[in-house]
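Heads up, the chain below is alone and in the form predicted on its own; it's given as structure tokens.
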Amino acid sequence: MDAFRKGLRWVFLTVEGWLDLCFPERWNPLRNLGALGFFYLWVVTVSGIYVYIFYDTGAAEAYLSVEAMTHEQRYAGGIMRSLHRYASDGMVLFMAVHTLRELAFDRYRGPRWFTWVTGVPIMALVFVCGITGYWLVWDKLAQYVAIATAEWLDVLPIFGSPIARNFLTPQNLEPRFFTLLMFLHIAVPLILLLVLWIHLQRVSRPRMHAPRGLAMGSFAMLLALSLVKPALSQGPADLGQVPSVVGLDWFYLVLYPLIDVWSPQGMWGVLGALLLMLTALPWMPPMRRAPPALVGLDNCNGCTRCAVDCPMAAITMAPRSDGKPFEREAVVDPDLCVSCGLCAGACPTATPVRRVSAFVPGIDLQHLPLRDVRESFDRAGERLRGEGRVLVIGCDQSLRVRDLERDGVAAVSLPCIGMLPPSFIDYALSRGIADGVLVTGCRPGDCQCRLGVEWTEARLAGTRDPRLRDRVPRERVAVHWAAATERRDLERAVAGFAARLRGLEGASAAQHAAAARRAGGRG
């Protein structure tokens, strides 16, 4: 499984790199799959409401109303029908790729199991919505889908009489059947919205809105497709004949050819095994979890920064329990904590310059406390020699920064780059550990902990607490985000930064020499 995930992740990172050449970084479609899925859901909803206004129930009326909408108001109802169809297909595509991406980046195990497991019924509900939608058109494809589905459902002992009887003759098919279908086609999406809300409950700051430019560009693509290749019916359904050739929508109806080959019982077995495997995947095998973050009440003043910055909503603020003169204290839920360290990076007490008292921040990781990180900075400084000394601070989830070490380059790796308090950069430069600090980690949008890159950029830019102090010379701080597939790019960035630092050292030495000459001339 690890090998499969690693290969799949390499594919995603490579394709994302190619797309970065075509899109602005924040617009990369592979980094906005969930948000695009939500956007397409709204397109489906709005277009579905329009189609519903002109839809009539009844075997003959259903087909005729859809045909009238498609051809008599081609540039209104026809476009809306096509948008409804293609946006529905897009939802399936984004859902499938989003699922594979979460699997590739190992974002489905441990505390993330809840989001993954609640995603399984979402997939089932989306397919139910799509299949009932095909029934409503009542063309030859709808006839095939309806009969195949009815025979498939009749295997289950939950109906008083076989559903397939409704499709023996046209007389058996009553208008209220289409009224029931319409009710299902409306009710199931409402249930889907509820499950989507549950799906996001353990995600802090979920991205539900795609960048406006990407959303509008995607909609323009749907609109162009609707004009060039409008969605059309495949002839009226005729229960007196068996449809011989139909054009399938392979996004929703991919399993239907197998129903003709296998028995209905066999299909239920395959589908049940697939759903069971997807549901059990977070425990196949279970993730080896690091201990959760630990709150040190002696240094916690209840500032809420850790709770605000936690990407998994694992930290809440509770009334003070130790009698100190603060209103609240941080409380970590061990079932939700992914041990990323973003909370430690947000804590205002995480300042490494303290030497009088023990370095114990208000919140810290148990398996890698910040005092150990400070010691790793000190040890890295001992390994650095020469001019243009670079300390690379990286992330365990991206490139192995320790492989970059050589003369003049030392590296320290953290569980997530968001664990880095900006004061550590100040510490490395002010104590002479290095001539410059290069911060690296996952590419924006690829962060294993979701917000590590975003929070780090904001802290270094001074727009989020804790901020990098003004006294830190910005020319001695560099940032270069790199995926695991971009090792050479990072190596070039480190080499270029080291050369720039040597230039700064040379300029500084020249300035000192000039000042000495001027002082000597005055003497």
Partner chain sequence: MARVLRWLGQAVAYGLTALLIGYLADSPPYVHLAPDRALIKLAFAHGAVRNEGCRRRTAEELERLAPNMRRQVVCPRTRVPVLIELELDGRILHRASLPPTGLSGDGPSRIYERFPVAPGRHRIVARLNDTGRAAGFDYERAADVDLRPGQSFAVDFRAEAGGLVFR
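None of the values given here were measured: they were computed from a predicted structure. Numbering follows the first chain given and starts at 1.
Another form, the form predicted in complex with its partner chain, is not on view; read the next lines as being about it.
- Think of it this way: in the predicted complex, its partner chain has a heavy atom of just one of V360, L271, L93, A313 within 4.5 Å, and the residue is L93.
- P162 is the sole member of P319, G386, P291, P162 with a non-hydrogen atom lying within 4.5 angstroms of its partner chain in the predicted complex.
- Although the partner is absent here, H209 sits far enough away that none of its heavy atoms falls within 4.5 Å of its partner chain in the predicted complex.
- In the predicted complex, no heavy atom of I191 sits within 4.5 Å of its partner chain.
- By the criterion of a heavy atom within 4.5 Å, Q366 is excluded from the residues contacting its partner chain in the predicted complex.
- At a distance threshold of 4.5 angstroms between non-hydrogen atoms, F183 is out of contact with its partner chain in the predicted complex.
- From the list 105-113, 391-399, 145-153, 330-338, the contact stretch for its partner chain in the predicted complex under a 4.5 Å heavy atom rule is 145-153.
- Although its partner chain is not shown here, in the predicted complex the stretch 254-269 places heavy atoms of P257, D260 within 4.5 Å of it, in sequence order.
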